[in-house]
Structures are given as structure tokens and as C-alpha cells.
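Just one chain is shown here, as C-alpha cells, and it is the form predicted on its own.
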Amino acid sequence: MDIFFVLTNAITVACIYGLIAIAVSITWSSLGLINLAYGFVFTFAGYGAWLVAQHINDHPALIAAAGIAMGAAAGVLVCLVVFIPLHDKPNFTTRGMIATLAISLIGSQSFLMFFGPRPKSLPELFGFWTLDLFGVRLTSDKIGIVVCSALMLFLVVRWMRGSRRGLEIRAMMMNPHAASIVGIGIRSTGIYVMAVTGAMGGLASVLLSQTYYIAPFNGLTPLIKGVSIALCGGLGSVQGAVIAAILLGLVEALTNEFLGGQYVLMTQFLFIIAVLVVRPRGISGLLDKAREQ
């Protein structure tokens, strides 16, 4: 077994699905919404980037920017359709989860109607070069995925720490009730949360399209893996989501190496079950007490 090959594959997978998992954690901890519409956001961004590549320009930077912008737009749409109408209603968590899942399923059928079943492909964003680092050969797509994911996460963290809206989101993540008491608008902040997390999902879609085709139902697997990673790490814990993404990426890489790709979901869910048996609230996350009331 080439341990370095397995590790590079694990890190690459962790970067893509980790973006969605972190988005799920941010949405839950700030808005109290388990957003299952990321399947819709993921596919919407993929088709948006594909349309830009087909009809405007296929420059890699433009395609990536289109995926991010389309993901943010889809996130805002979900906020307007689900979060704002339902956030002050009884059983919001359950209602929001069902409503966002419905958006993902309806969106998949809509994409099938408009684009047909034939998968689409995006141009290579990072070229075909390789880099030898300490005897380990790294391909351009793996390096590009890691760099883009890390840069996106860095920019989101900097924005949340340095901007007024970002500080409002952090306040809601710490204590949503206290944040609303001091005058932080839940609806307006929700739009920013969904736009930022949607942009993260959009970038994940463009990055994953370097390995898989864009298809009407290709957002469901990233949704399942993203939510699973968030649950494994602990809902509301960004650090837990990062740790869980790395561990599950390693599980996927090892499964592909020894058993085959058809067993990936099985081994990943067995790992998640084992973690939740030992730590019911995830690797490092604790449910916000305000969410339990």
C-alpha cells in the first residue's frame, strides 16, 4: 500500500465534503436549521458553472466564480423560501429539515426536466501538470482542490472575524437568543449565513466536478456525506466538522484501496455509527443548550 497516495486522496476528499459539512454546522449553530437543501445548492451551482463555461467563457477562474456565485444565490433562495417564513413557527427544526429536503428532491426532478439525464462535464480547471514533493507525486487537481478549499475557508473565517455581518453571525452561533435581544436581525443575518454557506457548497460542486460529472441527482451523495460529517463531528462545531472530514476521507481512501468504491458508503456509515455510540454528540461538538430548549 502506498501510504502517501492514500493520504493525498483522503485529504482531497476531506476538503470537498468538509466544505459542505462546515456549511451545515454554521447553518445549524447560527440559525438552528439543519439544511438538507445543499443537494439542490450543489447541483444548481454545478449547472450554473456549466452554463457559464458553455455560453460565456471557459476560463477556470470564471467557472469557479460562477459556481460560488450560483451557490450563494441558491442559498439565498432557500433562505427566502424556508428560513424566513418558518423560523418563528413551532417545531421550526423539524419543519425546516423537511422543507429543505423537499427542495433538494424537487430541485433534482426540475434539473432532470430542464437539462435531461445526460451528465455534463466542466473543463479541467487546474491543468494536467504534476509536482514531485519529497518523492510523492501530486497531481494538479489534488493540489488545486486543497488550495481552493483552504483559501475559501480562510476567507470565510476572516470575513466572520472582521466584518460587522460576520460578527453578527458569530454572536448568533454563540447565543442566538441573546443576539436577538441586542438587536441583531435574525432574517437579515439568515440571508448572509445562507449566502456564505451556499457559496461554500457551490465551490465544492465545482471542485467535485473535476472527478465526477454534473447530473440532476449528483447533489444527493454530497448532501448525505456533508450532513454525516457534520453529525459525526458534532452539529455546531466547525472544528469537529474538520476533524470528521479528515477521518472520513481517510476511511474512504482506505476503502477504495482495499475493498473497492462500492463499499465506501457502507464503511463510512459504520465508522459514523461507531463514533456516535462512543460520543453521542459527535467528536468535539456539543449541542447548543439554546437549541435543546
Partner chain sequence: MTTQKSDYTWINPLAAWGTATGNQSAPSVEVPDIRENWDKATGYKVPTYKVGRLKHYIIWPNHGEKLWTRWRWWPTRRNMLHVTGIYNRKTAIAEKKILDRRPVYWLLCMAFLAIAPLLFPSNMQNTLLTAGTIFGIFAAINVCWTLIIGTASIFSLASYAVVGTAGFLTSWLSITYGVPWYVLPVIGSVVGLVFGLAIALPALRLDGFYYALLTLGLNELCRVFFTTSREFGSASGGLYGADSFISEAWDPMVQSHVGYYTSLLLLLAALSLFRLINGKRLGRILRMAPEKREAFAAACGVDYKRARIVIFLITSVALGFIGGFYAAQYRGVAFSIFSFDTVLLGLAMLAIGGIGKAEGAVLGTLVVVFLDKVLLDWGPMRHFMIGALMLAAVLFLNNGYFGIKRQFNAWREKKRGEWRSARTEKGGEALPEEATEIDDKDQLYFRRFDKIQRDYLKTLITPEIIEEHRRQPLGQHSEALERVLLYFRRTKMEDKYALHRAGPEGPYKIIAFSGQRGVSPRLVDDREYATVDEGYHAVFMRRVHDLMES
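Positions refer to the first chain, counted from 1. Predicted model, so just to flag it, every value in this text is computed and none were measured.
Although not depicted, the form predicted together with the partner chain is the subject of the following passage.
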{"query": "Segment assignment from 231-239, 64-72, 245-253, 49-57: heavy atom within 4.5 Å of the partner chain in the predicted complex", "finding": "231-239"}
{"query": "Heavy atom distance at most 4.5 Å to the partner chain in the predicted complex, all of 130, 140 and 155", "finding": "no"}
{"query": "Exercise: residue 10 in contact with the partner chain in the predicted complex, heavy atom 4.5 Å", "finding": "no"}
{"query": "Residue contact check: residue 101 to the partner chain in the predicted complex, 4.5 Å heavy atom", "finding": "yes"}
{"query": "4.5 Å heavy atom contact, residue 90 and the partner chain in the predicted complex", "finding": "yes"}
{"query": "4.5 Å heavy atom contact, residue 266 to the partner chain in the predicted complex", "finding": "yes"}
{"query": "In the predicted complex, the one of 94, 211, 121, 188 near the partner chain [non-hydrogen atom within 4.5 angstroms]", "finding": "94"}
{"query": "Contact residue in the predicted complex, from 160, 195, 215, 86 (heavy atom within 4.5 Å of the partner chain)", "finding": "86"}
{"query": "In the predicted complex, residues of 102-124 near the partner chain [heavy atom within 4.5 Å]", "finding": "102, 103, 104, 105, 106, 109, 110, 112, 113"}
